[in-house]
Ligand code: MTE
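Just one chain is shown here, as structure tokens, and it is the form predicted alone.
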């Protein structure tokens, strides 16, 4: 795997206890595990055609308390990697329409959401279909740490230290058939537990998809935790997808089924507003949303704006997946 992009230490605003733990990652081997993720969903008001403007999304961002300590003396800037948002920021500013359209209310509404027992069905065009509980899944694969940028389609961003494992390992274990070209994911559908699903604006359950080569890319992971802790309900517990080079709404939460299919699947946002949300949803500063620019973003906890990077900074790892494609049309 090629080396992942690195960013200066001076942007870091991480949780103090976590920075102490990061001494274990110092060195060249640790640097290879550092990526930069972002995992938001997109925000819109009641009707799908009325998502907030870039400015409105930025104004809604909470304020961080910067970590003023010096960086670890034993670590270089490259080894520290991208800036981290705090656990409190990450878990209290969430797009999860199944619970609420208010980012700052999701954690409260979702706090009693039951995440155990939980099963995930893997099927479709595979040789080894099966249904697994979360203990099975955690036991099947080594849990890794990945620090990824998260870039929301609303033009805000975070950096999150995820725990999880490559999606490709689960798909390989399922034994994809040759005719499998895409992977389709579904979230739990239970309007009693997820009151936001009573909304008639959206085609529940939340569904998303990837092309097989995207799904097999090593950057795509299934996450079980962040900051060294199990995922909380508002973050997509107990299992969510993380695809760091795409806008956050592709990173579907609280997954109950993963199916390999021959035809390109639709998704909740493609059904809601197909002129605004395409299948690929790659982060692209040169292709604006119809109602706001994607050239820059606001990192949660920062007052200014920063340039958005093509493929969210992961072009070296993923741009080759789209050779020959017009990404302004295949948005």
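Computed from a predicted structure; not experimentally measured. Positions refer to the first chain, counted from 1.
One more form of this protein should be noted, the form predicted in complex with the named molecule, which is absent from this view; the next part is about it.
- Of the candidate stretches 93-101, 256-264, 113-121, 165-173, only 93-101 contains residues with a heavy atom within 4.5 Å of the named molecule in the predicted complex.
- The partner is absent here, but in the predicted complex a heavy atom of 252, alone among 159, 210, 243, 252, sits within 4.5 Å of the named molecule.
- Between the named molecule and the residues 217, 224, 187, 86, the one pair within 4.5 Å by heavy atoms in the predicted complex involves 187.
- At a distance threshold of 4.5 angstroms between non-hydrogen atoms, residue 148 is out of contact with the named molecule in the predicted complex.
- The closest non-hydrogen atom of residue 238 lies beyond 4.5 Å of the named molecule in the predicted complex.
- Although the partner is absent from this view, residue 107 stays clear of the named molecule in the predicted complex, with no non-hydrogen atom inside 4.5 angstroms.
- Among heavy atoms of residue 125, none comes within 4.5 Å of the named molecule in the predicted complex.
- For the stretch 196-210, the set of residues having any non-hydrogen atom within 4.5 angstroms of the named molecule in the predicted complex comprises only 206.
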